[in-house]
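Just one chain follows, in the form predicted alone, and it is written as structure tokens.
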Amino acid sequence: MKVSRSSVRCLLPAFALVCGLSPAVSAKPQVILKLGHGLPTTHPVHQAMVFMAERIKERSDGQMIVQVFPSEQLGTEKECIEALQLGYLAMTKVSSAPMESFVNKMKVLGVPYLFRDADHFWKVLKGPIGKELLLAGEAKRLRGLCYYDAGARSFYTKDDPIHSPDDLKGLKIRVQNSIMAMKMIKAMDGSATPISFGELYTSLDQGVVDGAENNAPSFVQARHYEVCQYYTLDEHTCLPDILMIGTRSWRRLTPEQQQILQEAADESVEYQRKLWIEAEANDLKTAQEAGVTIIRPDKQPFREKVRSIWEEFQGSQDEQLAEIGDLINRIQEVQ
């Protein structure tokens, strides 16, 4: 069996029970959950997970500890997901995009221009459809706890400004390891190039890719604005971040511990959303002050260019494609 490098990095079990040496100190074993992710410590999502860890420690009287490891210390997104499945890691934060390779239903979140606006986005995620998607991976040993706001993803490029989808023709655009992202770039006549986020700065700087697509905080805090001159706010997708726990770790928790974890995760969502709004505004300003040209294009040509992706799923006879088509229709019905 091939062991991923993320498992090698995990020096402690994903789920640890640390028994106190003296009964007078602690009558219960201490539960330690390791959480690995790829974002820097300045990112609102990292800060929200630290907030969650503090709430869990407080509510459990120190008997539950979540250790947060940022910046791909424990592996890339894909490696962390696999580590959850194998039980090497308890928790991770991933974008919904790489989850597409593990859970078919997650592909729906990558459909371009799926949501009408932010209100529609959160009504879907906080409603029955959102909860259904969080639990859709349990058969793959993956359970979603909550969604974090990751804003809208837009294109940024080194040398060629993007004013319309036609400007993407022939450009190499970095995407996440996402089937839907690759379909979107192909529909716009670009060349989709999956690259780890941690390797993207160097890839942009060395010309391996001509550009990428992401939200403003990730664009700025990863310092990609240092090598990319243009940021086009076409806002093609709203891919939430998802806090995941391996089902092996989840089932080892008592019902009380599960409740503490879930409630703290839910609280961290509201905390993160406030941080996100501030970060988006500040980071766009930072990019502009650094000399990046902010482009606000007409979005309708982009919507029309990717309409073929919607049509591929709607009315399909293929079971997996039809499943996505049904979800698209249900999401559009949410008012």
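In case it trips you up, residue 1 is the first one in the sequence shown, and so on. Predicted model, so just to flag it, every value in this text is computed and none were measured.
Not pictured, yet referred to below: the form predicted in complex with a small molecule.
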{"property": "Candidate stretches 137 to 145, 81 to 89, 182 to 190, 210 to 218, one within 4.5 Å of the small molecule in the model of the complex by heavy atom", "result": "210 to 218"}
{"property": "Distance check, S95 to the small molecule in the model of the complex, heavy atom within 4.5 Å", "result": "yes"}
{"property": "Close approach of F197 to the small molecule in the model of the complex, 4.5 Å, heavy atom", "result": "yes"}
{"property": "Contact test in the model of the complex: Q176 vs the small molecule, heavy atoms, 4.5 Å", "result": "yes"}
{"property": "Proximity of L39 to the small molecule in the model of the complex, heavy atoms at 4.5 Å", "result": "yes"}
{"property": "Contact test, all of E77, R153 and D241, partner the small molecule in the model of the complex, heavy atom 4.5 Å", "result": "yes"}
